[in-house]
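Just the one chain here, laid out as structure tokens, in the form predicted alone.
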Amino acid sequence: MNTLDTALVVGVGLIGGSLAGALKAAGVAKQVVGLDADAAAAATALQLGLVDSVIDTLDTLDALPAQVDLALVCTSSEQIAAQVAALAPKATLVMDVGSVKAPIITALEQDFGGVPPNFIPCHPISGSEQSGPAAAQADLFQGAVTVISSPHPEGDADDLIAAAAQIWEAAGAQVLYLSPAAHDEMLAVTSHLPHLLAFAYMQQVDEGLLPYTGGGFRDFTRIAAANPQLWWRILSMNRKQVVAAAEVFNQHLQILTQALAADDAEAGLAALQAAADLRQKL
């Protein structure tokens, strides 16, 4: 792909900072500019070399030497629609990294006059329970999947979708394609529900139990250390799909607990074996 002159990363936390670092490492853009509402986070990203320079607000984009080739919105999902609408006239290509998709599209349609033709929604399925630019890793997306969820009619944004895919591939990701609705339904099961379950499980763990935990406990509960405010916003925006996924989970949990209560080894082992076989395929 051709090297871009300027890429703007709005939100230089874990994902935005990692993506900025990946773009610099891959030589995707000659200049990577960072913007963050938290001045300390912006300063840290600059100090760590994740970005080449920082600006204070979207209003200062006019001070850049030319129109921004690429604008990456890496803020919390409920802020994305407004920021995409503000950036679309000032950038050739706008992408986001939101964990939900359909609510962002709906907000653009209802509150901001429609979906900009140069907006390509994306979601890198990668991260950690840590946050902030100090936790950023330029190789965070190596081998990870990024989903592109275009809301545009087929054929209307092929060039921009191809450009978005090339950028993510340069960062090391594998690109897959889903509609916004399919994305939200699938991620409710594979990402949002696991976080909900980890948070829920920790409600029953007394602090006195912590010395008696091992690897299984740490593996299962790691994501319960993630930012609660961030995750409540994600869960809330995708609540219908998450609630539906949780209801299916409850059905499977009841099958197992009923098998235990009845000491039904055949039913219990069948459920455990099916789960183990599927997990081993990963």
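In this text the structure is predicted, and so the values were computed from the model without any measurement. From 1 onward, residues are counted along the sequence shown.
The same protein also exists as the form predicted together with a further copy of the same chain; that form is not shown, yet it is the one meant from here on.
K.L.:
Could you tell me which of 102-110, 71-79, 151-159, 197-205 sits within 4.5 Å of a further copy of the same chain in the predicted bound form, going by non-hydrogen atoms?
P.N.:
Selected range: 197-205.
K.L.:
My question is simply whether A39 lines the interface with a further copy of the same chain in the predicted bound form - judged by any non-hydrogen atom within 4.5 Å.
P.N.:
The answer is no: A39 has no heavy atom within 4.5 Å of a further copy of the same chain.
K.L.:
Do A165 and a further copy of the same chain come within 4.5 Å of each other in the predicted bound form, heavy atoms counted?
P.N.:
No, A165 is distant from the partner.
K.L.:
So in the predicted bound form, does any heavy atom of N2 sit within 4.5 Å of a further copy of the same chain?
P.N.:
Contact check for N2: no, nothing within 4.5 Å of a further copy of the same chain in the predicted bound form.
K.L.:
Would you please decide whether V145 lies within 4.5 angstroms of a further copy of the same chain in the predicted bound form, comparing each non-hydrogen atom pair?
P.N.:
Because a heavy atom of V145 falls inside 4.5 Å of a further copy of the same chain in the predicted bound form, the answer is yes.
K.L.:
Non-hydrogen atoms within 4.5 angstroms of a further copy of the same chain in the predicted bound form: do P211, A226 and Q273 all have one?
P.N.:
All three within 4.5 Å in the predicted bound form.
K.L.:
What residues in 242-259 sit within 4.5 Å of a further copy of the same chain in the predicted bound form, counting heavy atoms only?
P.N.:
In sequence order, V242, V243, A245, A246, V248, F249, N250, H252, L253, Q254, L256, T257, A259 come within 4.5 Å of the partner.
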